[in-house]
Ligand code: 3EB
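Encoded as structure tokens, the following chain is the form predicted on its own, with no partner shown.
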């Protein structure tokens, strides 16, 4: 079995490349979204402006060399190929009324993850590998608490309710703010447990002190996952944080360089655990989220320098999980096992 990641500007990817729709697990569309319609596979719409490209949107897909089965489960659109599953769920917060101890976003987050865990149990694929979380106005305060912190409460409650670890063996993830829209969560899961990877320069996110909210974020800094015959490194959303504190306040160039130092540290830690040849910064595929579009030219120049100008990078304007962070970078790469 082979799982392939493809990314291209729309419409540069032909529809399923000559009828291979049935082998697409799922994917995402980044940038300008069509008013209606979309591919038949599960896809996450990320309505954030693309920066620096000649196109308004990019499509990313995960394709298997096996045919997929598909279904819908409690509002989750999913596809499965062998022991791999990709799913997408969107929940509107206005479907949840505020309660004395829970905000609508808190309840929507908890319910989304409850449904994900029920789906994985029903499919016999319990291992959650990588999660992409998007929510509106992530830094805005409502009901006396920042919305990202509300999301973290709901997410962790679902992990604990389903007897899953909230520390240690947790998935790689990102949580990014958009201008609006529903809570949107995409995920990749499998049968074999991921190998979590932490950054020695940072406190693990799940061990953050209480000053960052009532519940800590439930994700690992990176994860090595194992589709049959492959090893994929997922680097979670990474920012200018040393220990648990934001550094280079107000300095986007400093934050970019510090973020890449952190990614290099995570990759180095992963290379001590991986079963394939070592991963390198210039082979990773990156998503870069910038709070301010005006910072794009400077950041593009810095990243070209740090990655050797060879890496595939998609830039988006979006909000970051802390108000003092100016950018966040996530990355991934895939190796075939048994090939030197």
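Positions refer to the first chain, counted from 1. Remember, predicted model here, so these are calculated numbers, not experimental data.
There is another form of the same protein, the form predicted in complex with the ligand; it is not shown, and what comes next is about it.
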**Touches the ligand in the model of the complex: residue 150 (any heavy atom, 4.5 Å)** = no
**Asked** Is there a heavy atom of residue 155 lying 4.5 Å or less from a heavy atom of the ligand in the model of the complex?
**Response** yes
**Prompt:** residue 87 near the ligand in the model of the complex, any heavy atom under 4.5 Å?
**Reply:** no
**Request:** Give a yes or no for residue 119: in the model of the complex, does one of its heavy atoms lie within 4.5 Å of a heavy atom belonging to the ligand?
**Result:** no
**Segment assignment from 265 to 273, 215 to 223, 156 to 164, 76 to 84: heavy atom within 4.5 Å of the ligand in the model of the complex** = 215 to 223
**Request:** Taking 4.5 Å between heavy atoms as the contact cutoff, choose which of 197, 186, 173, 128 touches the ligand in the model of the complex.
**Result:** 173
**Prompt:** Between the options 241, 91, 107, 178, which residue brings a heavy atom to within 4.5 Å of the ligand in the model of the complex?
**Reply:** 241
**Request:** Report whether all of 51, 286 and 295 sit within 4.5 Å of the ligand in the model of the complex, measuring from non-hydrogen atoms.
**Result:** no
